[in-house]
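Below sits a lone chain in structure tokens, taken as the form predicted on its own.
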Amino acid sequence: MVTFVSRRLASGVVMLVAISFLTYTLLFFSGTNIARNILGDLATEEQIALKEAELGLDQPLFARFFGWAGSAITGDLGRSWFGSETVAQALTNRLPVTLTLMIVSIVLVAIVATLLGMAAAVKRGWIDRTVQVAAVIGDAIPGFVLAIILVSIFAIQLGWFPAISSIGPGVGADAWIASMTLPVIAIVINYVTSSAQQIRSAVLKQLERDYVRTLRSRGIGEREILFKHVLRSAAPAGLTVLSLQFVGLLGGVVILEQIFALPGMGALAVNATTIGDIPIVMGVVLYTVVIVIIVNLVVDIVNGWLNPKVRVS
């Protein structure tokens, strides 16, 4: 298991370096006149040249990237070019909002999808047909459309939830729950049906295996077979789907945070990219890749624990 985890960590580090360099290269060639954006239209050419030298914009690509990477390794991600706060402060203030939204949503998706998928595979009939039809509908409707519908009905017409987030410094749990409810519901509706469909297929395959017939011939109860043996064997397929959805959700929350005015990393990334705040953009990219690496590592470890063949694949 140690070798297995070491290989996954090494591949994660390679991915982190590659994505960081690619992002930095794209920002380098973006052509944005950052110094003029900071100083304004009235700045002279001399002032712009001085500002570019101060920010290191006059240096070649590799010198700038390795300078940033060297500081990042020590934990210093720099300071926003358009504000007074450091990158670490900006990300730390917004990361809890994004992580809360994603973790709560994916946990609910996992629980509901597992129950629906198992019920569809075991009971079949109308439950199975409903899950399959809902999976098609869920895939066809984009998450932001669901979000707009939920806001129109439950925030604007009924007034049950705030249309705009009330999350801020020092707010209580009530504000968090009220602001997170509609975004979480939008994500769960959008993701749960396709996950349930995948879990249903995995459970069906396991129910047709010889070991299930052997367990039944020994008089073992259906509930024990289902939850102790079938679910464990079908879990890797479900975990893989959920991990892919979690990674895809990192992009989806950017739109949801804009719709619900949530002060998360998605909104921060959009604003920073628009004005060319490279330290903030690189910080968001770095944190996002690290989250993806951690999620994939946890899924790989759980899959390796459930299925030892994965460790040598």
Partner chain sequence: MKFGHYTKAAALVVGASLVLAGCAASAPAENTGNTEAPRGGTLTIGAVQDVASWDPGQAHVGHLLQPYQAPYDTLILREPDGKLSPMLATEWEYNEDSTALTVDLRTDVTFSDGAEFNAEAVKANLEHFKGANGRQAAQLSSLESVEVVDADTVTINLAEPDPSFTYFLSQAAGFMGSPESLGTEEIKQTPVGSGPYVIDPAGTTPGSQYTFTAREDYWNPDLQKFDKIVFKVLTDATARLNALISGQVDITLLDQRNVAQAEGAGKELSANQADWTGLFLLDRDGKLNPALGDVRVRQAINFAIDRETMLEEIQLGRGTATTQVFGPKSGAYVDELDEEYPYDPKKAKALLKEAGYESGLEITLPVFTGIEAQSAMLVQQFADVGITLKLETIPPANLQSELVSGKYAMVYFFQMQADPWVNIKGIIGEAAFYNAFKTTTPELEELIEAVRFGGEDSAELAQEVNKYVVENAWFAPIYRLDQLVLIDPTKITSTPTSQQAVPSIYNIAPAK
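Keep in mind it's a predicted model, so treat the numbers as computed, not measured. Numbering follows the first chain given and starts at 1.
The same protein has a further form, the form predicted in complex with the partner chain, not shown here; the description that follows concerns it.
**OP:** Work out which of Asn190, Gln197, Ser243, Ser165 lies within 4.5 Å of the partner chain in the predicted complex, going by heavy atoms.
**Re:** So the residue touching the partner chain in the predicted complex, by this definition, is Ser165.
**OP:** Work out which of the listed stretches, 219-227, 130-138, 83-91, 107-115, brings a heavy atom within 4.5 angstroms of the partner chain in the predicted complex.
**Re:** It is the stretch 83-91.
Original post:
Wondering, does Ala121 line up within 4.5 Å of the partner chain in the predicted complex on heavy atoms?
Top reply: No - in the predicted complex, heavy atoms of Ala121 and the partner chain never come within 4.5 Å of each other.
Original post:
Taking 4.5 angstroms as the cut-off for heavy atoms, does Pro263 touch the partner chain in the predicted complex?
Top reply: Pro263: yes, in contact with the partner chain in the predicted complex.
**OP:** Using a 4.5 Å heavy atom cut-off, state whether Leu42 contacts the partner chain in the predicted complex.
**Re:** Contact with the partner chain, yes.
**OP:** Classify Val151 as contacting or not contacting the partner chain in the predicted complex by the rule of any non-hydrogen atom within 4.5 angstroms, answering yes or no.
**Re:** Although the partner chain is absent here, Val151 would touch it in the predicted complex, with heavy atoms inside 4.5 Å.
Subject >> the partner chain in the predicted complex - contacting residues of 239-273, heavy atom within 4.5 Å >> reply: The stretch touches the partner through Val254, Ile255, Gln258, Ile259, Ala261, Pro263, Val270, Asn271, Thr273.
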